[in-house]
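Next comes just one chain, in structure tokens: the form predicted alone.
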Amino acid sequence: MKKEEREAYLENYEEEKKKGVPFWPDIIFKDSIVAFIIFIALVALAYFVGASLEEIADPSDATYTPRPEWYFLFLFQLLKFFPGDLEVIGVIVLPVIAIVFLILLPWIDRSSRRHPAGRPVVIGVTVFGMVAAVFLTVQAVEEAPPPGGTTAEGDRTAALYVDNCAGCHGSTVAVAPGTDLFAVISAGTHEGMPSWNADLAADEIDALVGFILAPRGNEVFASSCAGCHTADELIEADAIELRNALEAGSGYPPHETLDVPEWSEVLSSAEQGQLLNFLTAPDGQRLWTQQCSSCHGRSVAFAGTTEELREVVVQGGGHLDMPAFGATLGDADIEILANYVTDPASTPEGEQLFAQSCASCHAQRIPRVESFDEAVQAIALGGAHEDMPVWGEILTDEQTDALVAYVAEAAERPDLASGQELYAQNCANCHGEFGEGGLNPARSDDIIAPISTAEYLRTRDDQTLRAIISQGQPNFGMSPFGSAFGGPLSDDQVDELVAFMRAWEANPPVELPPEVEDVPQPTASGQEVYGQLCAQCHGQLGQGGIGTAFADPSWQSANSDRDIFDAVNLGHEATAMIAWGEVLTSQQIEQLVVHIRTFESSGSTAGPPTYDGAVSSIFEESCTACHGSLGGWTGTSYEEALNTGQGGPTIIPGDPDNSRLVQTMIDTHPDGVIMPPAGLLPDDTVQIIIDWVAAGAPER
């Protein structure tokens, strides 16, 4: 500013000052009025409008779109013009330039003129900045979806991990090779970690296993598959089918009517492997159970090196036990089968013939044959052919490594199948099929406590178990079984028996006392109390099981009403039966005694069996050791029992003849499946299941 301009400015300032309004009290009063009006406006807005608070942040919710407040939306929108590595320009460079410009503005604009026409540079920059901010703000509001939108479902598997695991383990979990992660999550294996099988379904635990072992695969699933599938649908799926779906893309039959891309073009081989690892987790024991146990059982005897074992797994194998079907099938049937295995889609009539003649060995998998003539020769003449799948074309490297490590370790373990046979021959008569105990046949006044509970096995080492088996316990009516003490078993057989019992510890078939999830209401009848609490051990029909058989006439005659009342009220110190007097009222126990007495005359309870009464305990004792952890059908809850399974309804309420659950128990399944694999269940147990299904499969 020139000297003449400064002097003129000061002179005008003094003149205006003489004509001005006093600062006190006039200006202060006006400022106070304005401040009070603004304060009242803020109070009104806070009371009538309120703050626009949202839900607590949930990192597992993929539907939420985070956005700043409206006065920062222009900066939020600005970032879209600087993607990737250029983001630093929109976040740091441009805002810093704007702030520096404002700081330097008093030195940049030193003109005394106030009219906009006299300050074109400063006014132009200011107008441009305001217009740009308004434009970017409007654009951000129009383009961004509102928070909490429903454009896609959140990542349910990630939510499971966040809700149940992340609080202790953080974002990732380090898992040692060979760890049975399903068992770790189900049962809990260290201090402070709960047994999650009480809170999570088997499918949810499977999903967590895949998420922990293959977190990158979960991301691929969320971006490529979650639009149509949930993780629960595909977790534990057959690895062969998953690989076929990826390779076939839109040609995969279930995808033919859908807009599905060619996955081999969309996903790299690494991403496909990560996806397979997530859906069929690289856990050796789970892979063995899913893919190998149907043919090999619990384990396979292998005496070679790890490298040789890996070669067998990767390359598959052949055998010489395929019969020559030329002696049993006509030429027409052989040609149909040959066409079917060469090109299944072109020969649908071959499906039934394949199921009748081939599925007992090949199951659902159709052998790969290059030509029709080769197929005819293999079927007609039999001989060596591919039986074990070429797992190197199906499993990822991580899955193969995990499977080989598990097989090599399992091959060195004692023969559990032999131990199971020894137990059935020598122990089950007294200790029960699953170590559940029961009445002592050698002493009528004694009850044998369960030997397969986690507590029993945890408090007795192998040496103690070996001594009990070898030397017996004569005071309790148990004779010695070791050959050194006059028994029938050699030292090696005793070791096999101990190994079989020790295998129970990872997944105890008996857990006592029974769970008391809901205490019966004071108005509950004796029958209701029995079905909710007692049937878990004594059977819905009083037929016994882990506990005493109330329907046994000799037991009924040997015990008075007072004896039964005291046993219920005080519990039984020789078993895990708790003192129910701490849970039930004396009136409920009296009604319970009356109901137990009905077994003496009728041998059964009034009405048909129910899931909560008889059926759930049968499933728990005989089925859930495998089906509760291996996927597919499971009876761990009423809804799962009726709605899970593959290839059709497992239970058809009111129709036991066509219910696959009943068919597997009475050996009428069309595929020859028998469950449990060791043989048929006892007739009275099977009849309870049949009666339950025939009555419409009632829950309560």
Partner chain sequence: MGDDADGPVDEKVGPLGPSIEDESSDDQGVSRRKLLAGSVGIMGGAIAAGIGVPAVFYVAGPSQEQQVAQEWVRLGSVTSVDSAEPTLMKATIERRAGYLTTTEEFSVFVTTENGTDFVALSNVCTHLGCRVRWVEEQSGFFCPCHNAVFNRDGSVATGPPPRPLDSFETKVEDGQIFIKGV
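Note that this is a predicted model, so its numbers are computed, not measured. Numbering follows the first chain given and starts at 1.
Absent from the display: the form predicted in complex with its partner chain. The rest refers to it.
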| item | value |
| --- | --- |
| Contact flag, Pro682 vs its partner chain in the predicted complex, heavy atom cut 4.5 Å | no |
| 4.5 angstroms heavy atom contact with its partner chain in the predicted complex for Asp26 | yes |
| Contact test in the predicted complex: Arg6 vs its partner chain, heavy atoms, 4.5 Å | yes |
| Its partner chain in the predicted complex: contacted by all of Leu10, Glu14 and Pro22, heavy atom 4.5 Å | yes |
| Partner contacts in the predicted complex for 26-49 (non-hydrogen atom within 4.5 angstroms of its partner chain) | Asp26, Ile28, Phe29, Ser32, Ile33, Ala35, Phe36, Phe39 |
